[in-house]
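Just one chain is shown here, as structure tokens, and it is the form predicted alone.
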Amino acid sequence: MSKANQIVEGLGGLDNIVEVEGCITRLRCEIKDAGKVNEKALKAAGAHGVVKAGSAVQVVVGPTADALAEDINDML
């Protein structure tokens, strides 16, 4: 499973993702149901940290954020 797929699973699946944007070292995500976000799975996928505020979730992934966002957006 690719890192992008692992992050999608950690965010609760494709159906739970409204939008993903790469921002230098973070994936800025808008999520439908924050309760489906699995921080442990995101960290297992290589995330250095996860910040949740309501339906906004930031996944700190390092300098590959833009490429990962592009891969995830291709899946949406």
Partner chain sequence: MNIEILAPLDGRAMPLSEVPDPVFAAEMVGAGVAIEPLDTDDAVTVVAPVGGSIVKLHPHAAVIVTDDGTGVLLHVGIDTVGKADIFEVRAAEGDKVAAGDPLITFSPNAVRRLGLSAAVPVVVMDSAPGSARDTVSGPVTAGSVLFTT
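What you are looking at is a predicted structure, and each value in this text was computed from that prediction instead of being measured. Residue numbers count along the first chain shown, from 1.
Keep in mind that the form predicted together with its partner chain is missing from the display, and what follows is about it.
Colleague: In the model of the complex, do 32, 37 and 76 all reach within 4.5 Å of its partner chain through at least one heavy atom apiece?
Modeller: Not a single listed residue reaches its partner chain in the model of the complex, so no.
Colleague: Taking heavy atoms and a 4.5 Å cut-off, does residue 45 contact its partner chain in the model of the complex?
Modeller: No, residue 45 sits far enough from its partner chain in the model of the complex that none of its heavy atoms falls within 4.5 Å.
Colleague: Please check if residue 23 has a heavy atom lying within 4.5 Å of any heavy atom of its partner chain in the model of the complex.
Modeller: Within the cut-off, so yes.
Colleague: Applying a 4.5 Å heavy atom distance criterion, does residue 41 contact its partner chain in the model of the complex?
Modeller: Residue 41: no contact with its partner chain in the model of the complex.
Colleague: Should residue 16 be classed as touching its partner chain in the model of the complex when contacts are defined as heavy atoms within 4.5 Å?
Modeller: Close contact is absent here: in the model of the complex, residue 16 is far from its partner chain, nothing within 4.5 Å, heavy atoms only.
Colleague: Select from 42-61 the residues with a non-hydrogen atom within 4.5 Å of its partner chain in the model of the complex and write them out in sequence order.
Modeller: The stretch 42-61, when checked against its partner chain in the model of the complex, contributes 48, 49, 50, 51, 58, 60 at the 4.5 Å heavy-atom cut-off.
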